[in-house]
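Have a look below at one chain only, the form predicted alone, in structure tokens format.
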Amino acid sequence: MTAAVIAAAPREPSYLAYRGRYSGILGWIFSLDHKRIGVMYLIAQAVFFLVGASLGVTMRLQLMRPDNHLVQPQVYNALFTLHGVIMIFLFVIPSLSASFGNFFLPILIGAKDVSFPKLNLMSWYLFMIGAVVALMSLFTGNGPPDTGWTFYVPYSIRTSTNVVMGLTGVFIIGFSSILTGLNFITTVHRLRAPGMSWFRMPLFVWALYATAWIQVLATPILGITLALVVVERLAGVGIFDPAKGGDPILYQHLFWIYSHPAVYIMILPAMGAITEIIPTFSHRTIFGYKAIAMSSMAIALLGSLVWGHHMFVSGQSDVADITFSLLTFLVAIPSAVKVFNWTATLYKGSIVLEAPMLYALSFIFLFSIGGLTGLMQGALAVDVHLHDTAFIVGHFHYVMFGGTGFGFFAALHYWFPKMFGRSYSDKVARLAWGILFVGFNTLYFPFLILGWLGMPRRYYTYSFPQFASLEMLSTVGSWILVTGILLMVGNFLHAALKGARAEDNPWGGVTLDWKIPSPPPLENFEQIPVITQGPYDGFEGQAPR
């Protein structure tokens, strides 16, 4: 992005070196700086991701051979639930939006901070408090919840495990998501730099803006639904329990009215990050800027209307099934627009396969598999066969991990030098990517085959020898995947502690974040920049270092 005025603050103090009222850890947890809050989100999410991954590997060890009894059924159900809650609510949903969104949204629109800094810090506190409350369910009551991350009734009402604590934790985390969404919407509307019209905003900002509307409009529905489950457990009111005159299908409707739009809360910021990375490493102007921007809004809108495709076998009417099936196919169109435009941007580009680009290309490949397998489930007759099989698990992880996860890794490799002013090892980053990519597909592609063959999901063990070889292959894939993750984490830790000083613009990026020092100054800009062109106009294809 070119600007008439881009006056960067002096290199010192950066947001990392700034010494305010508090020092040490207090200077972070009481900071109102959007960059420090973004880094605190990032660190918390990384820790939760590693914990959730370790639970997933434990489940794979249980399923690596038939009739295995490494863990007991109750323990497996608890592992299954905690893995889902941690990965969904503590990593995937807040992943890019809370960390990279907080850090870069104000910079990308030429602002010094978000609209409500104190509310931003409160959002982080609520996130951490909710996480602590959810994890306390491990050590209180009759043990951790064993319902699965969906908390389906009537089992979640009748089980003796500590479901209330888990629900309360997720309820609090929801408030964090709502406040972040409100902050981002207001920031985009009110704090854009002079000259930055809507169609001069970077596409990552468009993705965050669309995501924020989903957070604000859909998250309260989940909060109300989970609160009703708590009320039913504590007060015995018949809301969802059929034994008391309640309706369990009502719970499914309310839960998925939020949780399917939540899929786009998870994936849209990753798509936005990929849209920044592709043109940078292709040395091309992004193809179809307005189409990509509008597709983000279309995904947010249409994605809020398709929740019923989770309920094709629940007994809803044929008219409802057909309607939700049609809407499911329609929501694929704006997603396909993005994939087409990314591919068109690559066409005849001077592509440089640095680590961020490798993760971005992997995102396109893996997300495409996830999307196509999702369309298979949108077909009514096929879904009857695939529902509640391992195929659903494979599809879900191709979208969430292959999509959001690899998008998160791409964004982290892309913006790490800017965030911390340090360079990581390119060779180690590429090696970790290769191991991760192989491990991911070795782990999750067998799920698609297993599900097609009829392997149910959520079973703690099985007695079908025909599934044994694929289950073993999948488990070996989990070991490969974890090796890549640990290598990547080690590379970042070494870079943060001992890495060489990074250049201000190592990749040749053209948006405002690459026109300020690395790491950024405390208030981002000494003077608010005046924007005179669109974000990718006049991109001359500057080569990276």
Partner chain sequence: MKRDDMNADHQHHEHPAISYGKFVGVWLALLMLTALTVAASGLQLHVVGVVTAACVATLKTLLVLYIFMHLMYEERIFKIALAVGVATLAVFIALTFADFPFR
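Note that the structure is a prediction, hence the values are computed from the model and not measured. Numbering follows the first chain given and starts at 1.
There is another form of the same protein, the form predicted together with the partner chain; it is not shown, and what comes next is about it.
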> Using a 4.5 Å heavy atom cut-off, which stretch among 375-383, 339-347, 242-250, 467-475 contacts the partner chain in the predicted complex?
Replying inline: 242-250
> With the partner left out of view, is Trp307 within 4.5 angstroms of the partner chain in the predicted complex by any non-hydrogen atom?
Replying inline: yes
> Even though the partner chain is not shown here, does Arg458 get within 4.5 Å of it in the predicted complex, heavy atoms only?
Replying inline: no
> Can you check whether Lys112 is within 4.5 Å of the partner chain in the predicted complex, heavy atom basis?
Replying inline: yes
> With the partner left out of view, is Tyr462 within 4.5 angstroms of the partner chain in the predicted complex by any non-hydrogen atom?
Replying inline: no
> Heavy atom within 4.5 Å of the partner chain in the predicted complex: which of Phe80, Phe445, Phe324, Tyr289?
Replying inline: Phe324
>> Under a 4.5 angstroms heavy atom criterion, identify the one residue in Val438, Val132, Ala320, Leu330 near the partner chain in the predicted complex.
In response: Ala320
> Taking the partner chain in the predicted complex, which residues of 215-229 have any heavy atom within 4.5 Å of it?
Replying inline: Leu217, Ile221
